[in-house]
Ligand SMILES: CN(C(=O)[C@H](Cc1cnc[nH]1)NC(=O)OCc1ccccc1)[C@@H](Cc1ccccc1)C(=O)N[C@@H](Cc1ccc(O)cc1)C(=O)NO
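Take a look at this single chain in structure tokens; it is the form predicted on its own.
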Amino acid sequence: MAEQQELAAEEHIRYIVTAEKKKDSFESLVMEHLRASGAYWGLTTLDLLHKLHAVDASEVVDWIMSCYHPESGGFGGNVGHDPHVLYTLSAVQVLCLFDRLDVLDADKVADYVTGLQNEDGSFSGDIWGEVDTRFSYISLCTLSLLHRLHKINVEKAVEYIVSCKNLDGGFGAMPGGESHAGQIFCCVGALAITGSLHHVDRDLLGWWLCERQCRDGGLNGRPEKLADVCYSWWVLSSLIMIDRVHWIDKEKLAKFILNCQDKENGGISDRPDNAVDIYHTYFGVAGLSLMEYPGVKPMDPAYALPLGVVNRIFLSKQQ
């Protein structure tokens, strides 16, 4: 058993700030198509570690807006890439971090998302029509952050999500789809945002989620799978939203996340001794945030943004 570690915050900050500059690295190349999401993961981590000021805000905002498609109202994952609801949410979340939603035509962006709602209440990810409960969450989250939820049929959106609920209490990507921790977060998060958590069987789902804790303390996404740091977020946030987070061993989980750090060069990997990446660094720090780890800002479990950012959006006067 590896000895208890502490969060190498300074190393993680350095890792994130320098990662963006390594344009020709392998990691940079494989993230080319989803750089907007990478920006959201990295910048949110910096904010959680009290270091968002380590980057140039105006530079980031300008780059985010260069991924915008004014004709559709959506954002691509990178400059010149087609718009998709996933990267639209990432762009909105990054602008929320910097308190710069003012650069957006909020109605235009909301109309793009609204146009992706289908007759049955589900959402497509883009014009090509793939349907997944991830896109339901993403759409509802985007519209809520923009104060534009009234533009869609919320009742139908909730009905569709509920139709994806399984006998084990979990949720799948579509009706009849296998329960999966990532999809559960999306469905529970969407229900939380729309004030519809009464549709969840909290004890049954809580049991299913708690069963995701493995012997090494980490969490997996489905039965019989290895633990992975990213599920520290997907599972914990869902448990918090249904008030069942006290059912898992937080100490063992924190130890698992901390043992996945590269303490010299920064970054967190999916499991101990693997290569680090921005994605798992974000979800590792976010998981620690949900467990109230010292020195890490609190996260909102439904909006996946620092609590202070969410409070600013919903508690301050908006247009």
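Treat the numbers as computed from the prediction; the structure is a model and nothing was measured. When you see a residue number, it is the position in the sequence shown, counting from 1.
The protein also exists as the form predicted together with the ligand; that form is not presented, and the subsequent description refers to it.
Would you check, heavy atoms only and a 4.5 Å threshold, whether residue 41 touches the ligand in the predicted bound form? Residue 41: yes, in contact with the ligand in the predicted bound form.
Considering non-hydrogen atoms and a 4.5 Å limit, does the ligand approach residue 230 in the predicted bound form? Yes, residue 230 is a contact residue.
Residue-level contact is defined here as any heavy atom of the residue lying within 4.5 Å of the ligand in the predicted bound form; does residue 65 satisfy this criterion? Looking in the predicted bound form, residue contacts with the ligand do not include residue 65, since no heavy atom lies within 4.5 Å.
Hey, in the predicted bound form, does residue 115 get a heavy atom within 4.5 angstroms of the ligand? Outside the cut-off, so no.
Counting any heavy atom within 4.5 Å as contact, can you tell me which stretch out of 55-63, 287-295, 249-257, 273-281 lines the ligand in the predicted bound form? That would be 273-281.
In the predicted bound form, the one of 110, 192, 205, 86 near the ligand [non-hydrogen atom within 4.5 angstroms]: Looking at the other structure, the residue within range turns out to be 86.
Note which of 244, 81, 156, 134 lies within 4.5 Å of the ligand in the predicted bound form, where distance is taken over heavy atoms; exactly one does. For this set of options, the contacting one is 134.
Using the arrangement in the predicted bound form, list in sequence order the residues of 170-194 with any heavy atom within 4.5 angstroms of the ligand. Heavy-atom contacts within 4.5 Å come from 180, 182, 183, 186.
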